[in-house]
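Below, in structure tokens: the form predicted alone, a single chain.
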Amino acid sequence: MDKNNQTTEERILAASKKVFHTRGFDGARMQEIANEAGVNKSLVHYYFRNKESLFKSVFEDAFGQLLTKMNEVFFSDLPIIAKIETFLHFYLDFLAMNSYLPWFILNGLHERPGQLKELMDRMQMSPQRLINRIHDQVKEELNIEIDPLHFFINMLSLSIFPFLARPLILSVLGYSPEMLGQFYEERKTKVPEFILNALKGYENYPSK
């Protein structure tokens, strides 16, 4: 593929991210994507055949980066605390630089839940293996018994919600875009601190 073709494909993908983010899968139209990309509709079909194929490419590009980093960090030789800090720093940075992602991923999971499983199968990523790894390492290194699924979901939720709540923070709380950017930057420190303090709390409140 030559440079011009690569540029055209990238423009179509960028336009698709914007349209799918705004409209969701069912509301998006190939013509609207073509208009956003500044290309003929036939070119969109040439590169991606249909809307399903295009959505799959955009969804996998977005989620694939997160899954790759998740695997890389949590199956590394780092101590568990360093893993938590490393992944959360990446995750928050990634969301800040790709503000369309939170709603897009949630819409994608709602409208096409099977795609995530297909992607994880192709990447040979086992969610249960990841959950078990977190549980075992917390137990080995910190001597704390946790429910790893609740722990993992809590960690992701603390990270993603401020980005989903962007309109609320801007309009209701009156933050400027600059103030919001600073708030997101502070989350890189605050969220890991909160998670690690929560882990310490398990020592005082053991699971029944």
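Keep in mind that what you see is a predicted model, and the values were worked out from it rather than measured. One rule holds for the numbers: they count along the sequence shown, beginning at 1. Rigid core here is just the name for the largest C-alpha set that superposes within 1.5 Å across the two forms.
Keep in mind that the form predicted in complex with a further copy of the same chain is missing from the display, and what follows is about it.
May I ask whether A14, N35 and F94 each come within 4.5 Å of a further copy of the same chain in the predicted complex, counting any non-hydrogen atom? Spot residues vs a further copy of the same chain: no contact at all.
Considering non-hydrogen atoms and a 4.5 Å limit, does a further copy of the same chain approach W103 in the predicted complex? Looking in the predicted complex, residue contacts with a further copy of the same chain include W103, since a heavy atom lies within 4.5 Å.
Quick one: does D147 come within 4.5 Å of a further copy of the same chain in the predicted complex, counting heavy atoms only? Yes, D147 sits close enough to a further copy of the same chain in the predicted complex that at least one of its heavy atoms falls within 4.5 Å.
Examine M123 and determine whether its closest non-hydrogen atom to a further copy of the same chain in the predicted complex is within 4.5 angstroms. Taking the distances in the predicted complex, the answer for M123 is no, it never comes within 4.5 Å of a further copy of the same chain.
Are any of the heavy atoms in F183 no more than 4.5 Å from a heavy atom of a further copy of the same chain in the predicted complex? Heavy-atom contact with a further copy of the same chain at 4.5 Å: present for F183.
Tell me, which of S157, T68, S42, N143 has a heavy atom within 4.5 angstroms of a further copy of the same chain in the predicted complex? Residue within 4.5 Å of the partner: S157.
Which residues from 177-196 come close to a further copy of the same chain in the predicted complex, meaning a heavy atom within 4.5 Å? F183, E186, R187, K190, E193, F194, I195, in sequence order.
Core-aligned C-alpha movement of K51 between this form and the one not shown, 2 Å or more: Yes, the C-alpha position differs by at least 2 Å between this form and the one not shown.
Honestly, after the rigid core fit, is V73 moving at least 2 Å at Cα between this form and the one not shown? No, because once the rigid core is superposed, the C-alpha of V73 moves less than 2 Å between this form and the one not shown.
Kindly check if the Cα atom of L116 is displaced 2 angstroms or more between this form and the one not shown relative to the superposed rigid core. Yes, the C-alpha moves 2 Å or more.
Distance direction in the predicted complex for the C-alpha atoms of F183 and T22, relative to the displayed form (3 angstroms or more): It is closer: the C-alpha separation of F183 and T22 falls by at least 3 Å in the predicted complex.
I want to verify one pair: T22 and L180. Are their C-alpha atoms nearer or more distant in the predicted complex compared with the form I supplied, knowing the change is 3 Å or more? Result: closer.
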